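To begin, one chain is listed below as structure tokens, in the form predicted on its own.
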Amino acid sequence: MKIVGGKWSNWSGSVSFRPSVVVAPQDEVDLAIAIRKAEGHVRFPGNGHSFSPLNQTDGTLIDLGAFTGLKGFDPERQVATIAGAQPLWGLGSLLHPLGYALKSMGDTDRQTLGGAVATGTHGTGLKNGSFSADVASFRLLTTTGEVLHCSPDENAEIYSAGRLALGLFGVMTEIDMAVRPVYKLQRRYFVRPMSELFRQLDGLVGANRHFEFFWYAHSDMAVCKSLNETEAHAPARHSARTLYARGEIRRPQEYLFAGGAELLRLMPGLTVPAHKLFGALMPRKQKVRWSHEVFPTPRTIKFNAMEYAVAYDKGVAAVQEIVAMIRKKKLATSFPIAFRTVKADDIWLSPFYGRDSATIAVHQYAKVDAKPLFSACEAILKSYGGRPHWGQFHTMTRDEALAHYPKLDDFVALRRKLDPKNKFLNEYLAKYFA
């Protein structure tokens, strides 16, 4: 966590604020004392990769940087105990020497594990759930300083709700993640005309362990990406330092894309030819790497994002309507729409609660006002019964949340029980969970 001139900002710069106090506890005792003594709202951001003001506070901001590392491993249960603030870019390097890996990951590794779990971050594939769905149990430090172990057998209600709780129940100091033996993935990019892709989509989703596609709205072609397990040779494993660096240092093609994003910011009328060019320039190279190395894609060009999850069988119609609208209104963006799939789960606040889902993510360059694009796309996604990613831009109301999350009232009641003084509830979160 970085504080510059007394101000905290998220990765994209869309959220910034000045907390009155910043505390950096070194262990659970320090953390309990800091929470009990804190005045005002208490929040504890990970690495700032949420685009909504989840952690905004003028009260106490807690830096969990000391809560990292692998804390335990149970080979019989295939469960790894990981400190809540462990960055994802370093997690694979901790698990791999044990012969294990996470079951799935998202397309960025800049987050902390606790942040990814708390917001329901996900990868893709209808056989794969979100980070939250792979939580076997967790250690929760509450507002009173009490430490609870939460699992299907112990504090089961808190476990059911708390795997995706936005930090409202307390601090997950340790998270037990279900893992599996290490595996290699072959990454393949290929291009499909949109009409052909939609005819083949169910087959592509079913035939690949992980499948997603990227559609520049003013192009008639999609760039598809698949990841599948393989026994083929992989190069020597990267170090954690290398994995960190590749997400911070731009490569030549990223400089080219950044230049294109700047050009469209100044000359949005070039969007149509730019989309065709960007699609042609997206990577095509196949490679085989260990899973934790190939899941993430370096993201060095800052953007803001909005993502909604709709029922899988509504995904195609929703993305087609969005693209038709973008073309009709001539909305400019330098980023493609991303289409992924996620397995249903039973987590109370999960966008994937009770239904296999397609996620549709819309991005806008960080230097461009995202509201025109996001507002227009969001109206369509809401009409398809979409549920927003809690950590990304959205304008969901409390009434809409009640309609889409059957366990919302139960979640609020449990939150009030665990945090009766509303220490963890900031202005943004109070709209839904007061």
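The numbering used is simple: start at 1 and walk along the sequence shown. These numbers come from a predicted model, not from an experiment.
Omitted here: the form predicted in complex with a small molecule. The next part is about that form.
A heavy atom within 4.5 Å of the small molecule in the predicted bound form is found for exactly one of G84, G129, G315, G92: G84. The partner is absent here, but in the predicted bound form a heavy atom of Q111, alone among Q111, S219, Q364, T341, sits within 4.5 Å of the small molecule. Contact check for H389: a non-hydrogen atom falls within 4.5 Å of the small molecule in the predicted bound form. When the small molecule is considered in the predicted bound form, S357 lies well away from it, no heavy atom lying within 4.5 Å. Using a 4.5 Å cutoff between non-hydrogen atoms, R299 counts as a contact of the small molecule in the predicted bound form. In the predicted bound form, the small molecule lies farther than 4.5 Å from every heavy atom of F374. Per the 4.5 Å heavy atom criterion, the small molecule in the predicted bound form is contacted by stretch 163-171, the sole one of 72-80, 163-171, 319-327, 243-251.
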